[in-house]
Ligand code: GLU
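As a starting point, one isolated chain is supplied in structure tokens, in the form predicted alone.
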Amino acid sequence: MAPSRASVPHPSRPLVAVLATGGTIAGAEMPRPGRGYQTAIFSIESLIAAAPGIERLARLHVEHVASIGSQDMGEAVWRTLSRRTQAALDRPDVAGVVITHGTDTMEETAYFLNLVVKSSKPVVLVGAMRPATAMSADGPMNLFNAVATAADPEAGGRGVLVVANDEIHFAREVAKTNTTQVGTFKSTHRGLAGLVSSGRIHYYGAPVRRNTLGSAFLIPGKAAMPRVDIIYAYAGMGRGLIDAAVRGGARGLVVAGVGNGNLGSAALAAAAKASRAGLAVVRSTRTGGGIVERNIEVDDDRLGFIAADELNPQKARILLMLGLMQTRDPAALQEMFYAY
């Protein structure tokens, strides 16, 4: 779609690029009984109009990148979005970028951009848990706070951020933890990047791992990224899922293991066989928190596995996809999980 420009006053204000991808923030409730709604109905211009006073924060340049629910977010849109984001950041007159996005996969898009975008300027993802037509819709205030953050020079150098429910999260740390509540996003390992209340911002710290300008990863070209599957572990699990992923052409596996990234004996044998065949096998955890360390209950050195460290399965998958574009060496991939 051709870019369209939002007309707002105050030319002395910072210029913020707003890239729209759809999601619940642009959704509308369906004209029938129940709680159903459809995503990506409203334009970004209408969302901006629903946030009174946003024009006092920044001048806004709007581009429509996609109109999808984030359950349909994937590699093709990631490429387009990362290129559009980088192009906006490369403009000397742009102070920062806001990306409207569905909440289901927002943490994955944020982490992907955190690894491939190269700029010290703020990049802020924002969404909503309630559609725009819902009672007490959270989108307008979330968008207002996201623009305030992206327009603030102090937000620069912190990597990609996620703003929701008056909170600022680092892309690496944030995870969606609840199906419907507005406080769904949590940063359990290292805490919040800050708070933002009606545009007033309070920062708590800086990211601790490599990102953006410090990242060695680049925006992928047209070639498909390596296929990496996530395997969810459970009591009594056999080897079938792992064997099927190998037969299906996966180049890497991320195991959402029980406890400290563990697998039962049959599944562990299948994962070891996959590793011997040249697949990268990463052990993460289904628990939602904690560090998966090497060689605790599983002999990673002997089996050639990679420990996910703090990354949850969905973010471990993104890092492994990008890592496999550079190397297949398990030791080198392990260092990436320590660095990013």
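In this text, residue numbers run from 1 along the sequence as written. Being a predicted model, the structure only gives us computed values, none of them experimental.
A second form of this protein, the form predicted together with this ligand, is not displayed here; the remarks below concern that form.
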Want to guess which of 212-220, 83-91, 127-135, 165-173 is within 4.5 Å of this ligand in the predicted bound form, heavy atoms only? 127-135
Could you spot which one of S198, Q71, T188, S265 gets a heavy atom to within 4.5 Å of this ligand in the predicted bound form? Q71
Under a 4.5 angstroms heavy atom criterion, identify the one residue in P122, G252, G139, G102 near this ligand in the predicted bound form. G102
Though only this chain appears here, would G23 touch this ligand in the predicted bound form if you measure heavy atom gaps against 4.5 Å? yes
Going by a heavy atom distance of 4.5 Å, is T39 a contact of this ligand in the predicted bound form? yes
